[in-house]
Ligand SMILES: Cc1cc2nc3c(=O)[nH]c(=O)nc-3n(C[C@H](O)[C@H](O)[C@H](O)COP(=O)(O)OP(=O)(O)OC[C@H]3O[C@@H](n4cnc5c(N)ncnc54)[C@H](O)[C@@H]3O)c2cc1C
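Only one chain comes next, encoded as structure tokens, the form predicted on its own.
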Amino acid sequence: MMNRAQTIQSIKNNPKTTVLIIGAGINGIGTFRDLALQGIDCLIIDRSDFCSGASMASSHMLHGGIRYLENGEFRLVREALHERNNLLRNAPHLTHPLPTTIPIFKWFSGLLNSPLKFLGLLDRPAERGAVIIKLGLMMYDAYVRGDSPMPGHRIDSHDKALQKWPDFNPDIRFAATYYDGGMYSPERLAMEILLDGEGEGNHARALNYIRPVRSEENKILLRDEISGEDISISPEIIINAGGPWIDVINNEINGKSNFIGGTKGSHLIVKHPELREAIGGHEIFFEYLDGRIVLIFPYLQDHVMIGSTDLRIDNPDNAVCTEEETEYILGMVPQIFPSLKVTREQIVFQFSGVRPLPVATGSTGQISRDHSIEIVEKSSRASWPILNLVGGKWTSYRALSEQVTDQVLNRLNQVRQASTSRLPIGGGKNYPAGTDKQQPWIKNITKKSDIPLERIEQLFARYGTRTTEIADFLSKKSDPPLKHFPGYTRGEIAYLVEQEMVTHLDDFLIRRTKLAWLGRLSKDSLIEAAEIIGEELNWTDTKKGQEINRTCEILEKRHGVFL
């Protein structure tokens, strides 16, 4: 794998590429891997870090979207459920089955939601009761019968539900439990998909902190945000995977458009052992007082994620969690857990992103989460066709990527060579499923590397079978533990910098690890991390100071973290 400088030099040496992907969120990254698998020469770029926009700000769910059934989006739900199962199989080290429970307060409410929506007579649906939820869950199960690694749904009575969740609001009538999937780190999953794409050969290249500036005849001028240098590239096809920035990107490369009408979603991460215990490892999925579907997600250790909002926004660069949103999200919890109080002091991290939804009118909750490929053909204004990836959701990224790749192959008169449907991702390759297989695997790596068993277990939990190459890397370097980051070592950071294209300090703290998300940062820890990363990237003392200041500013403005 080439490093950043080598990749940039390779573009200078040969500015021609078959496909240029602009935007390294999950849709762009998924398409990058699929194209690379077909042997297509492609370059993916992002003006920021990989998976740092809308894809980072997801609700961490891998789900079919049970509420979309009410909108009549049956194809979307069926597709997403099968893709959910694919992800659970292909990335078992970074995804997990997620029991999801819906507290139910009524019997028959909501039965007319679907027909009234169809007739245009309902904007905000009535509260869903037990009957409509039961029908939806039966359909949900039926779509993946024979293909799901998880059990079907069940509905508990009032008394049984309160036995399982004694802190539930006693006014509930039932509690419906079904299974979806979850992921603690969308950023790590996206990174491993990207690395798989790069690993397909020298024809697939990836660069962060590179943005398109303008087009010149048959060239796109790219600007390196690190050096300020401009680089030209000549693509045959452009894939605009910029998410909420799609129209902004098109305006920069002479393909003006008006595809995106995104909505902002904000979440809070709170350190709350009592709430974490109260949900019992289940995601609690419920309808808030205003009709918005919201969630309480069991996050790492004693942390809980609560979200989200759904607000229209004009400029995705302005997406931050506001005071009003914080109050709104904190106010969700008492509806289901009236005896538990969540305060601002318990918030350790917050994040907000813009869903790349199509332009639409009406209630934000009724805008389709389906995906589409909007094409701007080659013209006098643009020397290349632009395939714009509009909408979509994390769960179904692979299906969209496959559809985009097939369109590219058709334009190039080539045929598909391989499918990603059952292709393991990163550390999910040759993954030993079950404790009886994992322990011998871990002990074998311990014996080969002479690294303590506990440390290999730690690495395996983070990286799956990539632990083999990481352990090999660590065994050849000095690897002292870090003072301010228990569980991490100097060698592990060096590996991430070298192999995962860490460019800024915040790349490591926010996206390659979950350290910032769990409230584990201090000024001293930033200094320690900057020293190690700086040594790998040849930073001066001045540059280290700039990186620390940059990270503090991002943490404060974007994530409500004040060190």
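From a predicted model like this one, the values you see are computed outputs, not experimental measurements. Residue numbers here begin at 1 and follow the sequence given.
Below, we refer to the form predicted together with this ligand, which is not included among the displayed structures.
- Between the options 210, 81, 321, 190, the residue in contact with this ligand in the predicted bound form by a heavy atom within 4.5 angstroms is 210.
- In terms of contact with this ligand in the predicted bound form, the residue from 38, 58, 513, 503 that brings a heavy atom within 4.5 Å is 58.
- This ligand in the predicted bound form comes within 4.5 Å of no heavy atom belonging to residue 180.
- Contact annotation for residue 49: at least one heavy atom lies within 4.5 Å of this ligand in the predicted bound form.
- Heavy atoms of residue 45 reach within 4.5 Å of this ligand in the predicted bound form, making it an interface residue.
- The closest non-hydrogen atom of residue 252 lies within 4.5 Å of this ligand in the predicted bound form.
- Taken together, the three residues 194, 428 and 464 lack any non-hydrogen atom within 4.5 angstroms of this ligand in the predicted bound form.
- Per the 4.5 Å heavy atom criterion, this ligand in the predicted bound form is contacted by stretch 349-357, the sole one of 336-344, 349-357, 446-454, 402-410.
- Along 230-267, these residues reach a heavy atom to within 4.5 Å of this ligand in the predicted bound form: 241, 242, 243, 244, 245, 249, 252, 265, 267.
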